[in-house]
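One chain comes next, on its own, written out as structure tokens in the form predicted alone.
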Amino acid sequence: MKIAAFCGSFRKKGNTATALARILKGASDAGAETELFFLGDYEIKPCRGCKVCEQTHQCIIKDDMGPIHQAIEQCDAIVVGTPTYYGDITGLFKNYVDRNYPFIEVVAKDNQSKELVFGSILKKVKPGMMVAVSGGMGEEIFGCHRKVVRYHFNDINAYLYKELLLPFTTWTEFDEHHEKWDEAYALGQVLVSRVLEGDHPRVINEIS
């Protein structure tokens, strides 16, 4: 069993990275093979909106997205994490999300209602987790993060199974003294159990 995590922060010892590592520690101790990808280590150019990948399911941009796409295809579960910049996800994380567009499949397109329904070309359904961190804002700010992650997960045939929300980290860093430290470890073990259970739901997004 493989679990891949993607960190949308450049800080390798920051709260987001620490939370992801803690979840993966729980998963690893439960028997999973885990890998943490620091997106800042990769050249991820912005999406050009050319839409070539809608037909080919291949991106024409030459950069470091190849290993990331491969990890997403091969993993049995996914964990993503991002800090909050100006009330939203980071630019680094947004580039990563946008560049996974080659995995989408347009299931339906209604010219009259202007409704688009997106699925994924990936066949294996996988559970996903989101880590959202905010320095000076409460959990209400994470609605933006959740919306983007749900769309991203839809495109890669994943679903948002659990969340770890860490507000106000300017005052309380995420470390072994944090009230959610043990919860993060437990989430990693829960994720392994979820993969083993199977019978995953399938959700297709309608975007208008």
Ligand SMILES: Cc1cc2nc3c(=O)[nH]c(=O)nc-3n(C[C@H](O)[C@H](O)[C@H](O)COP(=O)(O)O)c2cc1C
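Everything numeric in this text was worked out from a predicted model, so none of it was measured. In case it trips you up, residue 1 is the first one in the sequence shown, and so on.
The same protein also exists as the form predicted together with the named molecule; that form is not shown, yet it is the one meant from here on.
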| property | result |
| --- | --- |
| Contact test in the model of the complex: residue 85 vs the named molecule, heavy atoms, 4.5 Å | yes |
| Contact test in the model of the complex: residue 11 vs the named molecule, heavy atoms, 4.5 Å | yes |
| Close approach of residue 133 to the named molecule in the model of the complex, 4.5 Å, heavy atom | yes |
| is_contact(residue 116, the named molecule) in the model of the complex, heavy atom dist at most 4.5 Å | no |
| 16, 137 and 169 each touching the named molecule in the model of the complex (heavy atom, 4.5 Å) | yes |
| Segment that reaches the named molecule in the model of the complex - one of 99-107, 70-78, 85-93, 122-130, heavy atoms within 4.5 Å | 85-93 |
